[in-house]
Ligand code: AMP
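The form predicted alone is given below as one chain in structure tokens.
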């Protein structure tokens, strides 16, 4: 950590970025680090390639997050947050990889250890927890904006303190963040409080798509582009749907297959899919995801793949034979 703090203190123009299709931890840690460096009068750009999900647009200074890296930017340092590998940044990964100093901050066990320096803590409940530690050690005052960002990252990545990664530190930090001005009710109201009618309709279609393996140990849900278009929803509305299949009785491994919108036509008939995996703790889904070029945690992981829907379904169902 000391080396990273020294690099940050010596930096002038910093790019701070997190993974595509961001969750609360990716956005919360991004904002927290960005706002903290602002207080040191660093020139900063906050970047995420994807649109910000509606449930996180309440966060302070969310409008600071840019979705394109302009060629005119001349960064001396990049801080990459919550990314198991640099490709998780999306199309801008190659551009970012040319920045002289790359600081890799993450909590995924599958992290590839990229970058000039790195702080990987797999015992941390979230990247926001690690960001909090850095900010505190740098002596930066945590105002209500930074506190809300950290609190949101921890709250969402622990599933409201329900997931197995919830640790004592999560509660300790969140208590401190409340003391710094966080309103837990307001955060929960925005993150969990309301759904659009379209999302409810999408949920109905997604529930109808559920398939269970013969041994009932694997469940699978599918969300296609046709379903997205029919309900008038956005890709961000898929977030959290996997929880419905992971909670089915006797299921050890749950999968959500999300067909992503294609930017170009595949002549071979293949489509792009994002596959999210969850387990009850008895299955290491990080190992499964890594075998497909993805990553994550032992009980929550994912990967991207270009194939047909029938093929990826067959491969996932095949995992049930080993359960």
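Worth saying up front: this structure is predicted, and the values here are computed from it rather than measured. Positions refer to the first chain, counted from 1.
Not on display, but discussed next: the form predicted together with ligand AMP.
In plain terms, the part of the chain that comes close to ligand AMP in the model of the complex, with a heavy atom within 4.5 Å, is 290 to 298 out of 61 to 69, 30 to 38, 290 to 298, 44 to 52.
The putative spot formed by 160, 190 and 237 is not touched by ligand AMP in the model of the complex; no residue has a non-hydrogen atom within 4.5 angstroms of it. Using a 4.5 Å cutoff between non-hydrogen atoms, residue 85 counts as a contact of ligand AMP in the model of the complex.
Of the heavy atoms in residue 24, none are within 4.5 Å of ligand AMP in the model of the complex. Not displayed here, ligand AMP is approached by residue 276 to within 4.5 Å at the level of heavy atoms in the model of the complex. Contact between residue 108 and ligand AMP in the model of the complex is found at the 4.5 Å heavy atom cutoff. Contact residues in stretch 158 to 188 (any heavy atom within 4.5 Å of ligand AMP, taken in the model of the complex) are absent; none meets the cut-off.
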